[in-house]
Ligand code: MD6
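As a starting point, one isolated chain is supplied in structure tokens, in the form predicted on its own.
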């Protein structure tokens, strides 16, 4: 099911077993453009690495990891250490916390150069993360489709993430749903995604 989603932060977009809220655009076009350009230029982007069946894979997608402290974060059998916040990231964290009423101590950023770069089905259930904690996803740049699939029933739901928009996954969402960023050959511009989250030490 694809929702051409109007923003309503009080609406739960999932039919069961979790909560997904879409806040729509937090920033006007000019401000969203400014953040996109600033993040592109100032974040310490690195090609992502994953170890799959003993083989090291390097993705064309780039990532970065920031936080309150040099937290360790392990996924896909690789470990990252958080860098200190930049001024822009701190401002975006504060704005996201204000709008969602949640608090976050870290942020994983992804840079997708065009529509052919995406993310396969997965859930953010790493042991480092706060159990059932909120994950706030800010999007800048290319408008992309985002998909959910229930782990048991295989129900699917898709939504459109706009430039400068905020989406939040919380509660038991990660336990019952997978999510992905489907690749597409129709998009030729870049997207930056920030996922604010809480690491438990």
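All values derive from a computational prediction rather than experimental measurement. Numbering follows the first chain given and starts at 1.
In what follows, reference is made to the form predicted together with the ligand, a form of this protein that is not presented.
Novice: Look up in the predicted complex whether residue 97 has a non-hydrogen atom within 4.5 angstroms of the ligand, and give yes or no.
Specialist: Heavy-atom contact with the ligand at 4.5 Å: absent for residue 97.
Novice: Using 4.5 Å between non-hydrogen atoms, is residue 198 touching the ligand in the predicted complex?
Specialist: Heavy-atom contact with the ligand at 4.5 Å: absent for residue 198.
Novice: Can residue 146 be called a contact residue for the ligand in the predicted complex at 4.5 Å between heavy atoms?
Specialist: Residue 146: contacts the ligand in the predicted complex.
Novice: Even though the ligand is not shown here, does residue 124 get within 4.5 Å of it in the predicted complex, heavy atoms only?
Specialist: It does: once the ligand is placed as it appears in the predicted complex, residue 124 has a heavy atom within 4.5 Å of it.
Novice: Look at the stretches 132-140, 62-70, 150-158, 32-40 and give the one with heavy atoms within 4.5 Å of the ligand in the predicted complex.
Specialist: Going by heavy atoms within 4.5 Å, the stretch is 132-140.
Novice: Counting only heavy atoms, which residues in 180-195 are within 4.5 Å of the ligand in the predicted complex?
Specialist: Residues within 4.5 Å: 181, 191, 193, 195.
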